[in-house]
Ligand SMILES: Cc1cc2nc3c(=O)[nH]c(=O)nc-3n(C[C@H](O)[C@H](O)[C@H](O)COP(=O)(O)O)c2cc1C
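The data below hold one chain only, encoded as structure tokens and taken in the form predicted on its own.
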Amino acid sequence: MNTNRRAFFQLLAASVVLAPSVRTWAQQLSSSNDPFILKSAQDALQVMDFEEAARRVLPAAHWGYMASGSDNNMTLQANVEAFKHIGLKPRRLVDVSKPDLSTRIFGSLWETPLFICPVGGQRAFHDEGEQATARAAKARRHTMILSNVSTYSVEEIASTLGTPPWQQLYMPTKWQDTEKLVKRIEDAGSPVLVWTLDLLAGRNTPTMARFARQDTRDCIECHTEGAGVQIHKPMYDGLEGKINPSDATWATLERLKKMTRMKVMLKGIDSAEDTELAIQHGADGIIVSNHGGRAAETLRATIDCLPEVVQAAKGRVPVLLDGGVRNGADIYKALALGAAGVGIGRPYIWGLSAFGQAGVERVLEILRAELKLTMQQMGTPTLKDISAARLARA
């Protein structure tokens, strides 16, 4: 096992804040033999097969950037673990010979409810970065949300996709810069702006910092201003560069809505109270998210937050979810609890890291096949047949 990964699990095993069972699991992993390593993307049978393949090819700092959660990584773990406490109740003797995974979001037809979440700086994971992800999204016909801290611009990715992506927004701290940035995104043709709210107060990611300390490479080629300084972010060219205003309020959302014709979704909503306020102040949709456990150590899994958000939304706006999705059954459970769409982040980044476009495509292919099979096994051949009645809390 690679020294960096062993050190990470040894760190978890020694933690005083984790449950004994988690510490035991980490200790076992820290001393286990190397698992089977993929030789090609097509060798993967499950999404998790890509995690170790990605870890092996990434520098320590880049692995830590992607793998880290906030504080003690417990919210990251909760996102994944919570799905394991939701059981499934199949129905039998239902005609499932013609499963239909399609749905409509903002009037657009999606072949499946699975979408690609924004992940920044993807050239840290593969030389082709977001371009490889965009080609995979186009080949497999999935909606892609492009990060605002991407290493390629929205114009470049729109050209690769053949259609403008949804665009995530880390709002600049200067309002004039926000106006310029939003206009640029709208001029590029993006139909949906996804304002990420959960980093407005900053975050604490010690695991990422520890991995960065282990990385002794000279990164001046990509970190032109020195190691530890973020790489070039083309979406902020010509702007001051500072982002995530800590003084933003619901009035800020109203100002944002007035300046654009794009749909505006809020990413990072996880309560009924904020759902109601979001709709009152003009949000067109909500993504239940905690930044993959990378924002605040709330210990609340997104799948556990989803029902109250859906209930509060009352069908007025679409509610999407990301966080902890690792297989098709996870997607099914989110749909059953009311999500209109379900996003993935780390899984496709593992695929990108290990095999570029082919890895992202294989991740999407696996999840789509698993969702289709789960729908058939559950006796729910269309998305409208999926409901909470098919779930059981374990």
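Given the structure is predicted, the values throughout are model-derived calculations rather than measurements. Numbers for residues come from their place in the sequence shown, where the first is 1.
What follows is about the form predicted in complex with the named molecule, which we do not show.
The stretch in contact with the named molecule in the predicted complex, judged by heavy atoms within 4.5 Å, is 291-299, chosen from 312-320, 291-299, 251-259, 175-183. Of the candidates Gly356, Gly328, Gly345, Gly341, Gly345 is the one whose heavy atoms come within 4.5 Å of the named molecule in the predicted complex; the others do not. This chain is drawn without the named molecule; in the predicted complex, the residue among Val119, Ala132, Val192, Ile157 with a heavy atom within 4.5 Å of it is Val119. In the predicted complex, the named molecule stays beyond 4.5 Å of every heavy atom belonging to Leu277. Within this chain, Val149 lines the site of the named molecule in the predicted complex, having a heavy atom no more than 4.5 Å away.
Remark: Met66 counts among the residues lining the named molecule in the predicted complex, judged by a heavy atom distance of 4.5 Å or less. Contact annotation for His126: none of its heavy atoms lies within 4.5 Å of the named molecule in the predicted complex. Along 150-188, residues Gln168, Tyr170 each place a heavy atom within 4.5 Å of the named molecule in the predicted complex.
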